[in-house]
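Only one chain is shown below, in structure tokens, and it's the form predicted on its own.
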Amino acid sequence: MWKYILKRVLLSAMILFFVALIIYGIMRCIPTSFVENMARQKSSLPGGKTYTEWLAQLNAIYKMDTDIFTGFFSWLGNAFRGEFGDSWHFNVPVMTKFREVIWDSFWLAAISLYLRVIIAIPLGVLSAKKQYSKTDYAVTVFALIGISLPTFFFATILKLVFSVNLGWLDLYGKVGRMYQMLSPSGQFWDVVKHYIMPVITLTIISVGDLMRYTRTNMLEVLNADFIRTARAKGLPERTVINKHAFRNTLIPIVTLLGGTLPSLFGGALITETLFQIPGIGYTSYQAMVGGDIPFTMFYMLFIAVLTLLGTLIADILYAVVDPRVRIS
């Protein structure tokens, strides 16, 4: 197992190297005039550096006056040290801004993932147990609604109902206007109130696929020979379902959940933007719209690392959840 993990880590490192090269290559394809325009804009800000200083700093950070490979290895060396330069849009170091916004995205995604799992998996198992019943049809319709609903449409409906019509929740933001005047417990509940609609949005639009995955694989396992054998031995139906059948449905579920790691730390760009939650997703959107190359490059590399890490964790968990899977 350890040899397999080491091989996968080395393979992931090689893939990440080429992904970083592509990201840097795309940045280098941007005309030099863009950097000059950015230096001119930054120099016009009050209390900022001069145009010459900004231009020299940008060229020095990204080695714009050297060949692409020299510049890439210089940028990659800085990236290994956690140095991604200053954000052009937010006017602070990239890592400073990242540390400021990452936990808002993490808690939003973690709560949504927890709700997704405790809703989707039991309902998927229940739907498979009662195939072609009213319960099965109801769960299937609920799953299809979640899969089909566009994020922006569902979020707009929630805001229309709970903010505009009922006035229970605020339309945007992480905190309310009176946040600073509240007690610590009041501040906590104010943040919770602002997270309700984003959490509901993320949960509903993502619960359907996991529910359908669970139901499909559960039906396949329930028709297997070893399940019929277990029932023929007189085992209780609860034991057959929970101990024998459910464990064999975990591999595709682990695959699906392993791919959710980027969303835990990568942010929900559309949802955070719609509700203006100051997480990494909304921040990266602002950076992309504002032409912030340093932050955009960091975000793309960050997502690549999370994707490779999620795939590696899913592969390792295969052997944990299914004893039939072994690395030879």
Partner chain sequence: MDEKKTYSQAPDATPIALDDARRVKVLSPGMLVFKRFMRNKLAIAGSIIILLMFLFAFPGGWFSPYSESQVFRAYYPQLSDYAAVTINEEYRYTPAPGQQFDNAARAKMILAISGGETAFESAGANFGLVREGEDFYRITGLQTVASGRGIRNRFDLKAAPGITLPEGFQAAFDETIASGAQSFTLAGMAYTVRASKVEAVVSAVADVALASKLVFEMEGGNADSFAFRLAAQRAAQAAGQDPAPFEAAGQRYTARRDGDVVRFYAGQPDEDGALLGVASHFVLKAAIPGAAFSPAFRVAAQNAVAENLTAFVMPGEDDGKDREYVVERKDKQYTIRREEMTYLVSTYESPSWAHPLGTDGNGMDMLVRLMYGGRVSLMIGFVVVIIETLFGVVLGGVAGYFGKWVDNLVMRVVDVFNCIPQYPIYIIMGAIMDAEKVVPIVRIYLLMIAMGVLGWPAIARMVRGQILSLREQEFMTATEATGLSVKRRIFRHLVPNVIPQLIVIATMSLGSVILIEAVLSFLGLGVKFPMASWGSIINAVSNIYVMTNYLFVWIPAGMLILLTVLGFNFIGDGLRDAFDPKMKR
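Positions refer to the first chain, counted from 1. Only the largest set of C-alpha atoms that superpose within 1.5 Å between the two forms is called the rigid core. Not measured: the values here are computed from a predicted model.
If you look for the form predicted in complex with the partner chain, you will not find it shown, but the lines that follow are about it.
Looking at A13, you'd find every heavy atom of it more than 4.5 angstroms from the partner chain in the predicted bound form. The closest non-hydrogen atom of L55 lies beyond 4.5 Å of the partner chain in the predicted bound form.
Mapping the unseen interface onto this chain, S185 falls outside it, with no heavy atom inside 4.5 Å of the partner chain in the predicted bound form.
In the predicted bound form, no heavy atom of G234 sits within 4.5 Å of the partner chain. The partner is not drawn, yet in the predicted bound form one stretch among 244 to 252, 71 to 79, 125 to 133, 93 to 101 has residues with heavy atoms inside 4.5 Å of the partner chain: 125 to 133. Not one of L6, V9 and V191 places a heavy atom within 4.5 Å of the partner chain in the predicted bound form. Taking a 4.5 Å heavy atom cutoff to the partner chain in the predicted bound form, the contact residue among F226, Y137, Y179, F106 is Y137. Scanning 156 to 173 for heavy atoms within 4.5 Å of the partner chain in the predicted bound form gives T156, I157, K159, L160, V164, L171, Y172 in sequence order. Taking the rigid core as fixed, one finds a CA shift for Q41 of 2 Å or more between the shown form and the other one.
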